[in-house]
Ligand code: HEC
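A single chain comes next, written as structure tokens; it is the form predicted alone.
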């Protein structure tokens, strides 16, 4: 039954998107393969992708609907997929579509140690009338102020409420199964208490649920600290979907339950309204060096407006098209994402690593280039990996972006859908998972040297 409901819901949403496209005013011409122009003035003398250059785009994003629309059109690499069509039909029209949705700046409370302990003991979920909003206070003016607000947005601004996480806060066994983690200070990153759109107090999810985690090498108590931007590879979001059905007393059909169970840890799809294609949760390091966004190279990253529009529309869809986020908070989030630094890498350079670098430059550098160690999209028929995302009607582009390799030795599982368990398996000629055969035919000693070098990135 639930499987049919999910399928019907997706079909209904596809139909609604199609009707919206057909009934709305004709959108401006779709994205093309030509290089989009930068709609932001006053950039002379600023180094591209510097803090000052990024901040110079803020006014265009915050105040200029035409600039937002141009950024959208210039960023979409495949205008015909559902992801693009929904945005072209509904975003950047000034007074209609998603722009006309009510702005939502909810009252929220982070779940610190005291609140976590209270919820675990059975206290009700309650957000008082005087709880703060992230929009309280003056608008930032400096890079430091924008980043500080953006860090709070990353940790405290809910994409939507998901009340079944309350069970995970109250039951340590459920928390362990779903991948809920506690930071060293006892807080629960990624979950907040929120006064929802209907006025009810619930648990909500934030960016930090998928994109923050204990520092590499941390042990049970996370004694090594916490890292914003690191993928939460303990998170089992597919299992959470199953738990949601059970929390309502429903039973999933075997096909649906098997599908969600197959996601496993470290994979998620927060836009399941469009498609339930799970992807490996990515690290968020070196974003300002990436010229293409998402594993499927959905977006050209020409200016910061491309990332801002992506984040804004992600919030809209994640909250079931009920609201849109305040753009000042979206812009703050974008500055914080650009400010994220990877955890230190303390490896010592040796002869084996230097030999591996030479092998990397010979075998891998055509696709993976410094400083992000990513590059231009690669056609599916060349890379040969699982085609479900690349060929899908929801977000398919026919390509995959080379994965960034910053801290790649800590980024398993590998490939866009997260199915290869370690670097040795990735380079093994005996690997059964198809695609990305580059490096698998190297002699065993060269593969070992290459892995050594990858550990330095």
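Residue numbers count along the first chain shown, from 1. Source: prediction; values computed, not measured.
Omitted here: the form predicted in complex with the named molecule. The next part is about that form.
Original post:
Could you tell me if residue 60 has a non-hydrogen atom within 4.5 Å of the named molecule in the predicted complex?
Top reply: Although the named molecule is absent here, residue 60 would stay clear of it in the predicted complex, with no heavy atoms inside 4.5 Å.
Original post:
Looking in the predicted complex, any heavy atom of residue 401 within 4.5 Å of the named molecule?
Top reply: Answer yes; at least one heavy atom of residue 401 falls within 4.5 Å of the named molecule in the predicted complex.
Original post:
Heavy atom to heavy atom, is residue 181 within 4.5 Å of the named molecule in the predicted complex?
Top reply: So residue 181 does not count as contacting the named molecule.
Original post:
Applying a 4.5 Å heavy atom distance criterion, does residue 69 contact the named molecule in the predicted complex?
Top reply: Heavy-atom contact with the named molecule at 4.5 Å: absent for residue 69.
Original post:
With the partner left out here, if you bring back the named molecule in the predicted complex, are 106, 192 and 212 all within 4.5 Å of it by some heavy atom?
Top reply: No residue of the spot touches the named molecule in the predicted complex.
Original post:
Which of these residues, 294, 85, 201, 167, gets a heavy atom within 4.5 Å of the named molecule in the predicted complex?
Top reply: When the named molecule is considered in the predicted complex, the option within 4.5 Å is 294.
**OP:** Select, from the options 98-106, 247-255, 306-314, 112-120, the stretch whose residues sit within 4.5 angstroms of the named molecule in the predicted complex by heavy atom distance.
**Re:** Selected range: 306-314.
**OP:** Go through 329-344 residue by residue and record those having a heavy atom within 4.5 Å of the named molecule in the predicted complex; state none if no residue qualifies.
**Re:** Residues within 4.5 Å: 333, 337.
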